[in-house]
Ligand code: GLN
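Single chain ahead, written as structure tokens, the form predicted alone.
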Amino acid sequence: MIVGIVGFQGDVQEHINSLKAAGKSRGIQVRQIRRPDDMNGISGIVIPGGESTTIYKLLNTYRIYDLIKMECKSGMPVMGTCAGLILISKDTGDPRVNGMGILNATVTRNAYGRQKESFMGEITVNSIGKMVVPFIRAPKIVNADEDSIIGKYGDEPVMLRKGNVLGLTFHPELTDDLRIHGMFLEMVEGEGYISTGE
């Protein structure tokens, strides 16, 4: 089984390492996605943190944006972290970034502060429990379907799941805790989806 990760910018290698470690006993392979042909045969995709406007431009330049959106609507599991969450949301709060709308959420960029306001915070995730994770220039979820909220930092939603789509405001790939990547791989295996890249 092959999981793709958008490989233009951001925490790409960190996600690769986490996916490989979480999928070690499952025979998971990880492939960087930089052009449409890279989508062939993948069973899930991760859109990493980074700079949302840059990733958005590159996804469109290399004709991957609409392809990810189409594959997701056909059932392919997608996980977006930080900037990735912004890109998959319905309302990005930024006129420069048109959200894919595969997650019914409204977000605000950098709402926890800039780089120097980054922090480690304890969150609680349904079916996983407590975790300590980094928030780096993190977006805030200001509106989402109540039944999609599966993780909170205090009273604030920080993790959403709706069907085959997972969205996170934080960076699990920058910790040694593999439980969220494991959750995503369970989604991938459960969906049994393989992209044709078309």
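Throughout, we count residues from 1 along the sequence that is shown. Owing to the predicted nature of the structure, the values given are computational and were not obtained by experimental measurement.
The form predicted together with this ligand is left out here; the points below concern that form.
Open item on the list: Taking this ligand as it sits in the predicted bound form, is residue 83 near enough to touch it, meaning that at least one heavy atom pair lies within 4.5 angstroms?
Closed with: Flag for residue 83 set to yes.
Task: Any non-hydrogen atom of residue 137 within 4.5 angstroms of this ligand in the predicted bound form - done: So residue 137 counts as contacting this ligand.
- [ ] Tell me, yes or no, whether residue 171 is in contact with this ligand in the predicted bound form, where a contact means a heavy atom of each within 4.5 Å.
- [x] Residue 171: contacts this ligand in the predicted bound form.
- [ ] Check whether residue 49 has any heavy atom within 4.5 Å of a heavy atom of this ligand in the predicted bound form, and answer yes or no.
- [x] Yes, residue 49 sits close enough to this ligand in the predicted bound form that at least one of its heavy atoms falls within 4.5 Å.
Open item on the list: Looking at heavy atoms inside 4.5 Å, which stretch does this ligand contact in the predicted bound form, given the options 123 to 131, 69 to 77, 98 to 106, 83 to 91?
Closed with: It is 83 to 91 that comes within 4.5 Å of the partner.
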